[in-house]
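Next up: a single chain in structure tokens, the form predicted alone.
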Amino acid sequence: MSTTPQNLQTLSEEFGQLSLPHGAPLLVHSALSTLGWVEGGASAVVEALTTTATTQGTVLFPTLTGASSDSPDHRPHSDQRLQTTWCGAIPCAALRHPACHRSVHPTHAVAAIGPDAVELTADHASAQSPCGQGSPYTRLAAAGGYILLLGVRHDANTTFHTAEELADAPYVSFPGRYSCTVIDTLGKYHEVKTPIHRWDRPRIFESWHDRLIAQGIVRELHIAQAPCRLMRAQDLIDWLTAQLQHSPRALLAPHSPYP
């Protein structure tokens, strides 16, 4: 674990320890502050990730905009020209990258930089659900991609929602599909018909970490000062989906309403 200040070169060396397969895409959930002091800030982290973390692979970043107020009576709207997300400084920096492509979705959009960025983010508006089949999260998995938790825990791991949606967990979204609006980065207006996530069902994603380690799904490491977790997306989805099919409440907090 490095405690020295980081710059583009040292970060590139640190990310090299991920040792991903050639061409494998990587979805990064992150907290910039956990890395320690970084010369160039979040933009340097994005540059290091996109140039060295993968071997000719694409790097993806969650750029979520959903809010606890979202509901059938208060449908989400996203204006992607604003280049905003509540996912932190690193995804915000990715949105400013000149090679960034962002999927069109009112709540769970994903940004991507790299050779497969267009393919991995395409047609998110037509996906069956925000994180389910046809979304960048399942496309990442199908492409043999990985998930990196860079200084964050499973509470930030959006792919847990992918497993919930694929398992048809009834508590994830309000029943039905709703017309929501997105203005993309070019100013084009989109009407997206999608389920709307509920925010009133507390989860216990982090409590599954030890079991994921025991299953060999998650590998722990350090990058600079940040504790990290690396996992193959399809392995995580397959195992969690099986748990939910066996026990539909498996990812819910004990006091959480069901459905």
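Computed from a predicted structure; not experimentally measured. Counting begins at 1, following the sequence as shown.
The protein also exists as the form predicted in complex with a small molecule; that form is not presented, and the subsequent description refers to it.
Quiz item: For this chain shown on its own, do Val38, Cys87 and Val152 all sit within 4.5 Å of the small molecule in the predicted complex, going by heavy atoms?
Solution: Checked in the predicted complex: all three residues contact the small molecule.
Quiz item: Any idea which of 59 to 67, 186 to 194, 221 to 229, 206 to 214 reaches within 4.5 Å of the small molecule in the predicted complex, heavy atoms considered?
Solution: Only one stretch qualifies here: 59 to 67.
Practice problem: Using the partner position in the predicted complex, report whether Ala143 sits within 4.5 Å of the small molecule, counting heavy atoms only. | Solution: Ala143: no contact with the small molecule in the predicted complex.
Self-check item: is_contact(Ser173, the small molecule) in the predicted complex, heavy atom dist at most 4.5 Å
Solution: Looking in the predicted complex, residue contacts with the small molecule do not include Ser173, since no heavy atom lies within 4.5 Å.
Practice problem: Verify the contact flag for Ala156: yes if a non-hydrogen atom of it lies within 4.5 Å of a non-hydrogen atom of the small molecule in the predicted complex, no if not. | Solution: Yes, contact at 4.5 Å.
Quiz item: Looking in the predicted complex, any heavy atom of Leu32 within 4.5 Å of the small molecule?
Solution: It does: once the small molecule is placed as it appears in the predicted complex, Leu32 has a heavy atom within 4.5 Å of it.
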